[in-house]
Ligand SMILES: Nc1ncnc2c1ncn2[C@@H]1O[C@H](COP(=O)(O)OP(=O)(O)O)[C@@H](O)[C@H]1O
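As structure tokens, one chain now follows by itself in the form predicted alone.
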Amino acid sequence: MQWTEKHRPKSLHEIKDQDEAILKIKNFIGTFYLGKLTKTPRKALVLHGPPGIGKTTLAHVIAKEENLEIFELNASDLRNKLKLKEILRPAIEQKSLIRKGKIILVDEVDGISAVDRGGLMELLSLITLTNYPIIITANNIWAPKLSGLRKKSELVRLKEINYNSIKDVMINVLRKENNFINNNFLTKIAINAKGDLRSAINDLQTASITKDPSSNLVDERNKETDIFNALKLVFKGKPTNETLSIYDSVKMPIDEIILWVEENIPAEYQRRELKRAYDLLSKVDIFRKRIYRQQYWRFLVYENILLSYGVSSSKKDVKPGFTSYKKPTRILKIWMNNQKTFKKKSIAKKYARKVHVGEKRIMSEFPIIRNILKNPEVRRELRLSDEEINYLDKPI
């Protein structure tokens, strides 16, 4: 039997480094039924964070502590609307036969795709109908396909587990297994796990069946670092060579990373530190424009140094405790602005193709061309859609 299952926590005092998340879950369950009485719109609770930190385990332990039945679904197996209706809808309507209440656990919601035959839309509709609290787990809740879910959920981020806590857990596991491994080797496993307790225990079990585990080196896991961990290293860690390459492991366009840094600098820096950090960030923007306009790709190295090492070196004192980093609001503003100009661009593109003129020129002369586009025959010739016609007919 795998040690991760055999030694899974059975009570809350065995859960490491997640005190804040535990309080939020308890409060969510307690206020869920109060919300039913006051007819407050119902929401789900999303536990999110990297793999191996105990999201699913925490939901099970909370259910046990609160004397609640748990009904668990794996979202990767429920990719369509029909399946969700057949399985989840009865679960949110029927009472528990053996406990005072129930928790609906939807595990790994990342497995549901926005294009998977209505599965995600059905889940969103069931959230508003449920008679029982729904807890959802996700590795990356910021995926674009989950934007609708974020609006209908309370988000709780679980922290990566400190390596000392991981080491304590491994020592307890070894005691239960009547086994022994060198202390220095345990430390190496704990550090290389990078907050992933499940991976650490798997490595521990592998080492336990090796004749001389202390003679072997544990390969550092090529685990993708999400944007939250990258920001934590930049804002809270000392600037090192590792800082220079931290964004290489984040699967996100550099433009979006810049927005994340810009949004969260005030959460960590104050006064002169804040001024210096923003000054260096502005230089990142300068180099970025030079790269695009002049194709000076050698400037990429300066852009990266300023965004990582530069911003990190701006601080004198690290803000203690856990900081919840926010998604940049400018992304929403950019999207809203793009939506406003989307119809204008599509009309300009059609017009430019007909008159053999550049699209940029049409955009610059659009106020003049708008009068021409009032002609119904011109609109038919360009095959404008109803949305494009409505855009033209709106008062300026």
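Basically, rigid core = biggest C-alpha set you can superpose within 1.5 Å across the two forms. The first residue of the shown sequence is 1; numbering continues from there. Note that the structure is a prediction, hence the values are computed from the model and not measured.
There is also a form predicted together with the named molecule; it is not shown, and the following applies to it.
**Q** Name the single residue among Val311, Ala190, Val156, Ile201 that comes within 4.5 Å of the named molecule in the model of the complex, judging by heavy atoms.
**A** Partner contact (heavy atom, 4.5 Å) among the options: Ile201.
**Q** Taking the shortest heavy atom distance, is Ala44 within 4.5 Å of the named molecule in the model of the complex?
**A** Contact with the named molecule, no.
**Q** Is Ile53 a contact residue for the named molecule in the model of the complex, using a 4.5 Å heavy atom cut-off?
**A** Yes, contact at 4.5 Å.
**Q** Answer yes if any heavy atom of Leu197 is within 4.5 Å of a heavy atom of the named molecule in the model of the complex; otherwise answer no.
**A** Yes - in the model of the complex, heavy atoms of Leu197 and the named molecule come within 4.5 Å of each other.
**Q** Would Lys16 count as a contact of the named molecule in the model of the complex, using a 4.5 angstroms cut-off between non-hydrogen atoms?
**A** Yes - in the model of the complex, heavy atoms of Lys16 and the named molecule come within 4.5 Å of each other.
**Q** Pick the stretch from 341 to 349, 23 to 31, 56 to 64, 354 to 362 whose residues have a heavy atom within 4.5 Å of the named molecule in the model of the complex.
**A** Only one stretch qualifies here: 56 to 64.
**Q** Would you say Lys26 moves its Cα by 2 Å or more between this form and the one not shown, aligning on the core?
**A** Lys26: C-alpha displaced by less than 2 Å between this form and the one not shown.
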